[in-house]
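For reference, the chain that follows is the form predicted alone, supplied as structure tokens.
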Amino acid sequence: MIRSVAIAALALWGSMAQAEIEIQEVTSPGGIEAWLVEERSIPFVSLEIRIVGGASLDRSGKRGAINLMTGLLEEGSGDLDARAFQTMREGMAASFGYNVYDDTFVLSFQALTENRDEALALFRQSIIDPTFDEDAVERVRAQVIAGIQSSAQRPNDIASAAFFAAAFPDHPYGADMDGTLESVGALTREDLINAHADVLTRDRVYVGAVGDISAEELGTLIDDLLGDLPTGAPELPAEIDFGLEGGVTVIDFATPQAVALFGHSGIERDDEDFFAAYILNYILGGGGFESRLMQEVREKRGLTYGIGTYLVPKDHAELVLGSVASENGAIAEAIEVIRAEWDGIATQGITQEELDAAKTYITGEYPLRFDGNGPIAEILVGMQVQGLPTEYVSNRNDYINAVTLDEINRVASELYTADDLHFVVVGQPEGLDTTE
């Protein structure tokens, strides 16, 4: 089955100043669905594959297993050790990517048309038949452990770990997907095989493809690549509410500059008010130097070099988060200003001028995201995961422009609650103590 929709975007495929993209919906002979943008002018193909589940599927007591397994996929497969695998891949000028996040496992593939089939066979081998060789396991395990030890000394990582552990206790979101020194140190080869079986299934797979390939060729390709993946994926984690009340948690850490991570519950990506919330976040803290928080905390008071906010609509919970760093003697004042601005946007709303300026920027930068095969493939697969139609690409800016001042101010009053903000502060802040 093939269905297409035409859209316009800027700066596609390097030298092309403007191009028309046609998104085709493809179903492989084996029943795997994919979206394709066929572009024959350059002999190059990009694939982006996401499998829903990610590191949240770690088994009980095995936190970090999926992350460690992911790091081993390019460390040897079939009869190839890590060096032979890398040499072969480099000889084909191909690029493979393996990444895991809380809710998704991501595979990326890029190759020239002339090397596509050979490179794809090697990529498939790494996915289907990893060796988990003992030497490679211990080498990558040591790298992960070094990263965990390093994170324990970084204020931002300390704040993040404490915030999420308190917000989502007894849920995968509350534990770093890298695992702990103890959990990673205890992982066995059998644990890695189980992690591979749990996360690499075809039950919740999404595919985006861009470049020199037809719909028929893509159908055959994805069956060859993914058709042998097992079905029967583990059950996904349960939905969970944000579990922190408003207040402050101070973690003593010897550093001249305190850092704070703050936030409260957020909004689902498929909520009808999401576009209004997206614009609001840009105005409050997501718009760089144009945002209210940057103007009030940095420009007017000099309390920080940088501050930002962001919507985090995870698969099983939603948050509005922000972060700021300030001298220990100034962080308390920075928090006061943040709370005041949070309350101000909720109780007083925004102006028509702010709304118009935000719309101009948000709609203007959107086409610039389509700046190459790889980024477009990521957009295609992201849209599928979010349940968006192909027409979204051409209609997205219309959704932004349709948001009215009355609507956005209503959403501001419902979304932002200064009393619910919880700040996790890492440092030695003056005049700031942990509150209940």
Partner chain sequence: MILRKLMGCLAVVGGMSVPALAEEVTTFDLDNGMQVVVIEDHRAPVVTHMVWYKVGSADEPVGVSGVAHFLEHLLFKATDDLESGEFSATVAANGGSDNAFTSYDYTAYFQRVAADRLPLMMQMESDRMNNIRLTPDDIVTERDVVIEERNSRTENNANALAREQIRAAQYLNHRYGVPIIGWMHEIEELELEDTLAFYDLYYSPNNAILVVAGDVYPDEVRALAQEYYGVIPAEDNLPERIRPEEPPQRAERRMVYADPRVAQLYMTRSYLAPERDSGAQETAAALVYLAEVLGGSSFTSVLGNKLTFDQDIALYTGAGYGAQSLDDTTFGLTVVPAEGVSLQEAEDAMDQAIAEFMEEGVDEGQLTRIRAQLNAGEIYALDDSAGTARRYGAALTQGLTIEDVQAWPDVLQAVTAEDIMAAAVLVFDRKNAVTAWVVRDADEVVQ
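Numbering follows the first chain given and starts at 1. Note that this is a predicted model, so its numbers are computed, not measured. Rigid core here is just the name for the largest C-alpha set that superposes within 1.5 Å across the two forms.
One more form of this protein should be noted, the form predicted together with the partner chain, which is absent from this view; the next part is about it.
- The candidate spot formed by 142, 259 and 305 is fully in contact with the partner chain in the model of the complex: every one of the three has a heavy atom within 4.5 Å.
- The stretch from 227-235, 294-302, 124-132, 165-173 that comes within 4.5 Å of the partner chain in the model of the complex, counting heavy atoms only, is 294-302.
- In the model of the complex, no heavy atom of residue 214 sits within 4.5 Å of the partner chain.
- Using a 4.5 angstroms threshold between heavy atoms, residue 371 counts as touching the partner chain in the model of the complex.
- Proximity of residue 185 to the partner chain in the model of the complex falls outside the 4.5 Å heavy atom cutoff.
- By the criterion of a heavy atom within 4.5 Å, residue 386 is excluded from the residues contacting the partner chain in the model of the complex.
- With the partner removed from view, the residue among 245, 203, 90, 79 that has a non-hydrogen atom within 4.5 Å of the partner chain in the model of the complex turns out to be 90.
- The contact residue chosen from 267, 199, 345, 111 relative to the partner chain in the model of the complex is 111, the criterion being a non-hydrogen atom within 4.5 angstroms.
- In the model of the complex, the residues of 148-186 lying within 4.5 Å of the partner chain by at least one heavy atom are, in order, 149, 150, 153, 154, 155.
- After superposition on the rigid core, the Cα atom of residue 41 is displaced by 2 Å or more between this form and the one not shown.
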